[in-house]
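Here we start with a single chain on its own, the form predicted on its own, put down as structure tokens.
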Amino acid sequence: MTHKRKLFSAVCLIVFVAAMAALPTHSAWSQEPTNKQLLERIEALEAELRQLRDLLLANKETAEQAKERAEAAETKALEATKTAQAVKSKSSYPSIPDTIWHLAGYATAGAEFRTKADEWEFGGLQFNPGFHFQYKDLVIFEAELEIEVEEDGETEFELEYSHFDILLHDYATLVVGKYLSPVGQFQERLHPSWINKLSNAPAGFHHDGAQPASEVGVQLRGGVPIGERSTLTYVFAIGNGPRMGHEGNPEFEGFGGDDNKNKAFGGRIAILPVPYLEIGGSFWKGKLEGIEGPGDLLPTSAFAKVWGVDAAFTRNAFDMRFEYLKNTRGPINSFDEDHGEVEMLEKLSLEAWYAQIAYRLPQLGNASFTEKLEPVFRYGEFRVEGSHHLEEQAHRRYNIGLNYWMAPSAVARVGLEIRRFFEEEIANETLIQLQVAYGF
């Protein structure tokens, strides 16, 4: 039974009761009511009827208003849906293009004071633009140029890397071209000036050092999740390999050709038990060709081998790193430029390692600028056996620096570098370094 039907039944019942009450009782038949009594009864009935009528009208108006509100809301919803459909049909959402390109890189400028020279020297001018092109989710091409002003004022151009990344799988990418050496961490990940925590590379992680710089070849690399938080990363590579450098040291500079039939191979495997901790190991091996010499100095060749371990802990404000590399080369013939003759070079051993810690300061009191400060300390060693020329570069190195981060990728830094050479006849040296670096 609806609300209106119940209300109508109640009205009828009240009217019936009122009518029965208006009839004279058995005792009243013998005594007629007065006109005043009848008038009072009629007025009471009329009042009750007016109240019932008002109640009926109020409920009727409320129901009609509710119905009207519901119809109005439905109409508005339909209009909003039509409007949204019209806007969607008229709007042109930008679709993702098949080809995407991106310009990145970094720039550096600075000054340095050397105690040996007893003078300030402005320099460190470097501009490294990087280019990235991607076609869908299939292939990426990336390249980086290094443009640097030398001490003599000449501008040197060098192709740091240039390779194609073919995306084979979520866990595998094939890299073809000239790529940065995957041995260790510093060269491939940390050498850009705005990423490196100090103004220069650690001892032994530069040209004529223990770490290979680059290679031309192919590599397969990727990462595989292990459980919920752990990851295994890998790089397996093959390339043209090293060549004989000055004083017979092997140079891994990404040569575009091979001077022997043997290819260099190696790679790196690392485990991240948690996202902020990485522990890795590297290995690289390549064959070097000697030259023909007179008498007993037969044409010889030797293998250059590199192996190392590294670790990185990067969590919250802390950045802590350790890296060790051992680079060896067997005995081999070489040309002595000073005497103009062929000589037999003994076994060469290069050893380099460093440990580094950086900490981003929190806000101290009301001084918010302290959040932009990052003190850094690094200690490293570069040791050489088997080359008098390179032994002159072997030393211990202490670095203390302070970085001021003007932006997430823009930094101004000041540093103190102390070099203690292992050769007693070589004087120790202290450097004061200033640098501004910007990554874009």
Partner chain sequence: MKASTIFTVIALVGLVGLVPTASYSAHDDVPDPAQIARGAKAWAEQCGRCHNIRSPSELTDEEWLVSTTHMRVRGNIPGNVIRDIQAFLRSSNKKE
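If you're wondering where the values come from, they're calculated on a predicted model, not measured in any experiment. Residue numbers count along the first chain shown, from 1.
Another form exists, predicted together with its partner chain; not displayed. Remarks below refer to it.
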message: Would you classify residue 263 as touching its partner chain in the predicted complex, given a 4.5 Å non-hydrogen atom cut-off?
response: yes
query: Given that the partner is absent here, does residue 234 sit within 4.5 Å of its partner chain in the predicted complex, heavy atoms only?
result: yes
query: Taking the shortest heavy atom distance, is residue 223 within 4.5 Å of its partner chain in the predicted complex?
result: yes
task: Evaluate residue 168 for contact with its partner chain in the predicted complex, applying a 4.5 angstroms cut-off between non-hydrogen atoms, and reply yes or no.
output: yes
message: So, a 4.5 angstroms cut-off on heavy atom distances: do all three of 136, 142 and 408 pass it with respect to its partner chain in the predicted complex?
response: yes
- line: Which of 206-214, 224-232, 112-120, 148-156 lies within 4.5 Å of its partner chain in the predicted complex, heavy atoms considered? The stretch 224-232
- line: Interface check vs its partner chain in the predicted complex: of 273, 362, 256, 97, the one with a heavy atom inside 4.5 Å is 97
statement: Answer key, its partner chain contact in the predicted complex at 4.5 Å (heavy atoms) among 348, 198, 175, 244: the residue is 175
query: Quick one: which residues from 308-332 get a non-hydrogen atom within 4.5 Å of its partner chain in the predicted complex?
result: 314, 321
